[in-house]
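Only one chain is shown below, in structure tokens, and it's the form predicted alone.
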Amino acid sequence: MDWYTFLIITHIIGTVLGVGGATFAEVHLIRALRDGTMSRDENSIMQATYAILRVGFFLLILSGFGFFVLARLEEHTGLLYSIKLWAKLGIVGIIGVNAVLLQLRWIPLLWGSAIAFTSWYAALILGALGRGEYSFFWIYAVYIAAIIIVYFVLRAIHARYIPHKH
């Protein structure tokens, strides 16, 4: 197996773990908070889900860096001019910053959830898009709109299924 194939496989695994982890984090969080509290077992499931997210993020960063090194070694510098690449790098950076802000509790859970969920799916979609021409502005306009839509959807789901504390 050559390095490029290894990096592709690693990148796909990282993305799958991240997207799956983000999806299950939302599902488990809503299920865990339905009765108003989070039990030890529910907390354990959440911690396992977040561990999977961290592994996915690590693999994504590691393989992404590997792509840069490989492109430099093979002198494929045209990759560095890809708008989709830079948009995806920014979104992956947002995933990392958002995780830190959530961990420090400097961002409300619903906004952090909407950002994480949308960002993982945006990274997946950008990676899967063909060679079409997309402007940086268009990518980020759609991305920001998606975060806002996901926030309101999550807020409606939380309002319906999670009891409010008075």
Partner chain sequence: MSQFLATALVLHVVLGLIALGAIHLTFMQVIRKQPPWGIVVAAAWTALLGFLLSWMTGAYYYVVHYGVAVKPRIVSGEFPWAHKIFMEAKEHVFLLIPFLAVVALFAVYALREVENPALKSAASAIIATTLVLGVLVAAAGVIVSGGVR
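Residue numbers count along the first chain shown, from 1. Note that the coordinates shown come from a computational prediction; the quantities given were computed from them, not determined experimentally.
The discussion below concerns the form predicted in complex with its partner chain, not included here.
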item: Contacting member of Val27, Ala141, Leu104, Ala128, with respect to its partner chain in the predicted bound form [4.5 Å, heavy atom]; value: Leu104
item: Segment that reaches its partner chain in the predicted bound form - one of 28 to 36, 93 to 101, 108 to 116, 130 to 138, heavy atoms within 4.5 Å; value: 93 to 101
item: 4.5 Å heavy atom contact, Leu62 to its partner chain in the predicted bound form; value: yes
item: Contact test in the predicted bound form: Ser44 vs its partner chain, heavy atoms, 4.5 Å; value: no
item: Any residue of 39 to 77 that, in the predicted bound form, places a heavy atom within 4.5 Å of its partner chain; value: Gln47, Arg54, Phe58, Ile61, Leu62, Phe65, Phe68, Val69, Arg72, Leu73, Glu75, Thr77
